[in-house]
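Here you get one chain, nothing else, as structure tokens; it is the form predicted on its own.
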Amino acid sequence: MWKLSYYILGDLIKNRIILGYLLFLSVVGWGVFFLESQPEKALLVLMQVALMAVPLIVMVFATIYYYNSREFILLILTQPIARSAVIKSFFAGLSCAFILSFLIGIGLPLVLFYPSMESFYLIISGLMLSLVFIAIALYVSIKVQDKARGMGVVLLLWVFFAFLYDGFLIFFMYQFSDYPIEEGVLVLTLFNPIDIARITIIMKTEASAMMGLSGAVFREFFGSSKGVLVSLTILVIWWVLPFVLAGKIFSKKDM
């Protein structure tokens, strides 16, 4: 498994898209601190990149890479290697490539220019979202045989998590604004990994003071050590569950 993981990682490191991803994150991560004198504002810019651009790029590339590696997968499966080791190697290789790119492009400038708890939570959230959406991309790629359909599903999932789900929450809050629904909204946010990461980061900044009563409820939960532990646990579930399901489908799938 480890030899296969190293091979996949080596192939990914030489991939132009991965290098472009690293360059993109580096330009944004380092450039925003050189252009912005207030590190708090730079943090908000990097938060948007981590919450929006990272999941999209990770999902699209992981999906394309899996589909383009089908012939290689078939070759590997002719060897005495367990199918579970193959899918674990793909996940490990993709995860290492994207995690290293994120740490160099965004993590390093945050540590150097704005060493704080806000930066720490942003780095952790970005890494967790990378793992979550790699796992989701592998699940979709293995589940859906057709490449075009798989790409369509992946893009729809990103649009749903990044935009549509928040629209649903706003509609829900508007319709039931006369009722104490803060705790219900809190529970609903746990069904969206991007929202979990966003709120966890915001609750550690001064922006949470502008969120009114809902912000007070969210701050009481996500701002505490218990809330952070719960949010990270939910993100781990979001990462592990799709990966386990992908592994089960891959182990039984007729290639």
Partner chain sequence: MISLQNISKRYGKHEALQSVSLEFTRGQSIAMIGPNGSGKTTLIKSILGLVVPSEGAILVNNIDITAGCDYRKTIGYMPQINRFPEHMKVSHLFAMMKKMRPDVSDGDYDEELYRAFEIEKMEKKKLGALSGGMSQQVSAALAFLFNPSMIILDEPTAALDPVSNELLKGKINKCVDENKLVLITSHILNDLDEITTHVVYLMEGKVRFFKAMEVLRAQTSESRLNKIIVRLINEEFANVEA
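Residue numbers count along the first chain shown, from 1. Model, not experiment: these values are computed from the prediction.
The same protein also has a form predicted in complex with the partner chain, omitted here; what follows describes it.
**Q** Counting only non-hydrogen atoms, which stretch in 76 to 84, 112 to 120, 92 to 100, 166 to 174 is within 4.5 Å of the partner chain in the predicted complex?
**A** Careful reading of the contacts points to 76 to 84.
**Q** Considering non-hydrogen atoms and a 4.5 Å limit, does the partner chain approach residue 160 in the predicted complex?
**A** Result no; residue 160 lies far from the partner chain in the predicted complex.
**Q** Just checking whether residue 146 would be counted as a contact of the partner chain in the predicted complex - the rule being heavy atoms within 4.5 angstroms.
**A** Residue 146: no contact with the partner chain in the predicted complex.
**Q** Could you tell me if residue 253 has a non-hydrogen atom within 4.5 Å of the partner chain in the predicted complex?
**A** Yes, residue 253 is a contact residue.
**Q** My question is simply whether residue 178 lines the interface with the partner chain in the predicted complex - judged by any non-hydrogen atom within 4.5 Å.
**A** No - in the predicted complex, heavy atoms of residue 178 and the partner chain never come within 4.5 Å of each other.
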